[in-house]
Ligand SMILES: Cc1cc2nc3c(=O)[nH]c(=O)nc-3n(C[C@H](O)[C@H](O)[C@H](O)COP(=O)(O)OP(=O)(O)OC[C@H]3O[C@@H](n4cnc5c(N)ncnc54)[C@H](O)[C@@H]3O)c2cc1C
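Starting off, we have a lone chain in the form predicted alone, written out as structure tokens.
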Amino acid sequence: MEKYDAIIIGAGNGGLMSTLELAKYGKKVLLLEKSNKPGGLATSFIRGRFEFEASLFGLNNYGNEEHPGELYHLFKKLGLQEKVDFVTVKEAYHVYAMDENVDYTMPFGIMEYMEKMEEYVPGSQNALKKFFVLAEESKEALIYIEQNKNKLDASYLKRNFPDFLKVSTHTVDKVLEAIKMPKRAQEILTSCWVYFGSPTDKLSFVHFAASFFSMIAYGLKIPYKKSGELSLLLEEEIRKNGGEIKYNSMVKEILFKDRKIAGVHLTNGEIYETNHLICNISPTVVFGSLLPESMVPINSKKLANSRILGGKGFSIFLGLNQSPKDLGLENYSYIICESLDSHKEYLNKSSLKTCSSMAYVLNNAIPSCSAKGTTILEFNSPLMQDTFIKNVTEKNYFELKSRIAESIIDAFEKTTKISIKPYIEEIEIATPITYARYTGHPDGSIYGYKATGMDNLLPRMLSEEKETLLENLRFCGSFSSTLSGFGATYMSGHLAAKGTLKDIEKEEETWN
């Protein structure tokens, strides 16, 4: 039985990042992954002559050397940023509202965004200026809190982030109404709510505003060779720095000695010893399946059971035998909404009759991603409730997923007036069942736990150390305190590694 300074369970974004950081610090680390390749959903797959991107359609909070985001700093610190070719997608988003037959294309850049909004909604600029000032302050305040949450200085917060403190407990809707933003400008601004998985009357303002500011200020990046390039790069760097990775290795149980973490037992019978674990999997799975019942703290069980699972994955991957230009697909992203009212839209996306989607034309960011004269068009339409899981059966599975996919494609064609059905060469449909099987996430949730009320971003950040109540056990990935999204999950791995390094140092001090 080999002993490691730390073992990481799950080679998703967070697991890869935490393993690399620990390896860079000279720790003996082992990454265990049940699949046969790294990345989790940060990967690609092939159907016919098309290679589809599985999940990444825009990396937020990265920026560039002149305007670096947090993620850029992290990649630079780990020596990664010069090893990946990124492209910036050309517009922030293009949103259609089916109920009103209107559409809006919004650009990157704070000034450019405000000018375009003023064109669409005259008289909105003053409120939008207030929004971006609040958004930038919220972003800086969250960075300060994350870096200093164990020794927060209340006077420093009051002095440097006074407006953040005023809005920190309020929802998006409440703050936008308070700064008197016109209703239509609110709807255009918040049409990206679906990426957060909560309607704007439930979503934390600082969570939305900080992320939105990063997107508009820094742009959205995608790797030239898709998200799998990032996963393979992280794998390579882990091995270069002495870290170990074992694929096809599924953990059966977490082992304890004297009520402290002692290692892991795999389904193939292998045992590896460690006193420190990072889990890139759902706490619901860890507490429900991997820990002996006697070792699950009652408050951890209550917390996991009280949380609501976020959006469940439903995606359509199309390989088309015409070019984007020939089809009339001019944009990279198309947000198709039944309504710009996020509360109504949330209810729509809680129904199996939903036809809303976020569609991406990969060729309009990476022209060479498929053969000349072809197009990769991908739809993401997360379901916000358990309706699919509750209504699907072994008999109706294929009919049900085909019906939902057809309604989404029909709505796209009707709304954009672009015909795509006659040109479909390859089609793959992924449902919550697909995502549950592939990732192990409960019910196929790709958004982790729903961010709402007192379980929003800021409360999770402030209570992160009390999440598990188990010494030397930490979480990363979409179910952790940073919530979901590529940038957030990479950062979660970094934070989990920092915490584990402190745990190891504390343990070494005790021994000495």
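In this text, all values refer to a predicted model and were calculated from it rather than measured experimentally. Each residue number is its position in the shown sequence, starting from 1.
One more form of this protein should be noted, the form predicted in complex with this ligand, which is absent from this view; the next part is about it.
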For this ligand in the predicted complex, the stretch among 62-70, 444-452, 44-52, 22-30 with residues bearing a heavy atom within 4.5 Å is 444-452
Picking from Ser315, Gln81, Asn363, Thr354, the single residue whose non-hydrogen atoms come within 4.5 angstroms of this ligand in the predicted complex is Ser315
Only one of Tyr435, Phe213, Phe75, Phe161 has a non-hydrogen atom within 4.5 angstroms of this ligand in the predicted complex; which is it? Tyr435
Heavy atoms within 4.5 Å of this ligand in the predicted complex: does Asn348 have any? no
Would Thr489 show up as a contact with this ligand in the predicted complex if we use heavy atoms at 4.5 Å? yes
Any of the heavy atoms of Asn472 lying within 4.5 Å of this ligand in the predicted complex? no
Does this ligand come within 4.5 Å of any heavy atom of Ile238 in the predicted complex? no
Between 39-62 and this ligand in the predicted complex, list the residues on our side with a heavy atom within 4.5 Å. Gly39, Gly40, Leu41, Ala42, Ala54, Ser55, Leu56, Phe57, Gly58
